[in-house]
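One chain comes next, on its own, written as structure tokens: the form predicted alone.
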């Protein structure tokens, strides 16, 4: 490569390199350094793994950590099950204006901020809200019931807030599926289950992996939805991180918690890609 071309390449890459370095690499290095120190005197610190020992010694912390991971996995699975039929209809059934209309309707809720959308669910689900009042007036409940502040309401909010991020990769993947492959499989006597498993799901695997990665990472790091819909009993790990940083001013412990959440996210993404047989580079391209 000639020097002029090499210089041009570096100039083109400079914004991306600066963005990655200043907004991703350096903050994570700072978090790592914070998590490995302990205050021994005012303005004096020493290397220590005490922050991580505290996490494993305190049942509340690792219980909240495991709970957050399990609910995030469940939310990802539910989002996939809800999004796949819709994505199939958009990619293979809807045509022309109806397809554009469906995509517009899916995008419409995201014109509002996450807080506004989450507060909308609060208005619908709280004891004096719309849905409990309807159930009461229809005679289905003896009195208005409180539908907020439980795991079901947290799951509902997480799935709703991340559904679009599963739909888009699935639609992109299914649109490239040749309809003649499905028709040929039916002509050869293939059952619906086998066609779904061996042709449709196999072809959509990159989209499934990309959507699942995005949804899992979004739900795992979500703070607003679990706090508003789960209340004081939400027991979400990002709330523990917020408490350490903002409420207790214990930045070292908060940094350790943040790093543990990052490790969990990376590990789960790696396992998911291995299970679906996808490469990380291919998933990034699909995303």
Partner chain sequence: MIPSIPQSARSRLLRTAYLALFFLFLLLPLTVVVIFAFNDAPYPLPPWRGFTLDWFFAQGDRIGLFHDEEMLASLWQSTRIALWVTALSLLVGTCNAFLLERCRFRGQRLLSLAMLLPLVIPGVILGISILAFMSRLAQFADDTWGVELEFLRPGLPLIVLGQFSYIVSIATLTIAARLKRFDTALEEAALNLGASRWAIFRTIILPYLRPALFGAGAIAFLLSFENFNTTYMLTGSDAPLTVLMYGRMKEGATPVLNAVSLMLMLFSALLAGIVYRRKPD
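Treat the numbers as computed from the prediction; the structure is a model and nothing was measured. If you superpose the two forms and keep the largest set of C-alpha atoms that fall within 1.5 Å, you have the rigid core. Numbering follows the first chain given and starts at 1.
The same protein also has a form predicted together with its partner chain, omitted here; what follows describes it.
Problem set entry | Contact flag, residue 167 vs its partner chain in the model of the complex, heavy atom cut 4.5 Å | Looking in the model of the complex, residue contacts with its partner chain include residue 167, since a heavy atom lies within 4.5 Å.
Exercise. Quick one: is residue 27 in contact with its partner chain in the model of the complex, heavy atoms, 4.5 Å cut-off?
Worked result: Heavy-atom contact with its partner chain at 4.5 Å: present for residue 27.
Exercise. With a 4.5 Å heavy atom cut-off, would you call residue 145 a contact of its partner chain in the model of the complex?
Worked result: Flag for residue 145 set to no.
Exercise. Does residue 267 reach its partner chain in the model of the complex, with heavy atoms at most 4.5 Å apart?
Worked result: Outside the cut-off, so no.
For this session: Find the only residue in 41, 49, 246, 60 having a heavy atom within 4.5 Å of its partner chain in the model of the complex.
Result: By the 4.5 Å heavy-atom cutoff, the listed residue in contact is 246.
Exercise. So which residues in 237 to 271, when you check its partner chain in the model of the complex, have a heavy atom no farther than 4.5 Å from it?
Worked result: Residues within 4.5 Å: 238, 241, 242, 245, 246, 251, 254, 258, 261, 262, 265.
For this session: State yes or no: after fitting on the rigid core, is the Cα displacement of residue 263 between this form and the one not shown at least 2 Å?
Result: No, the C-alpha moves less than 2 Å.
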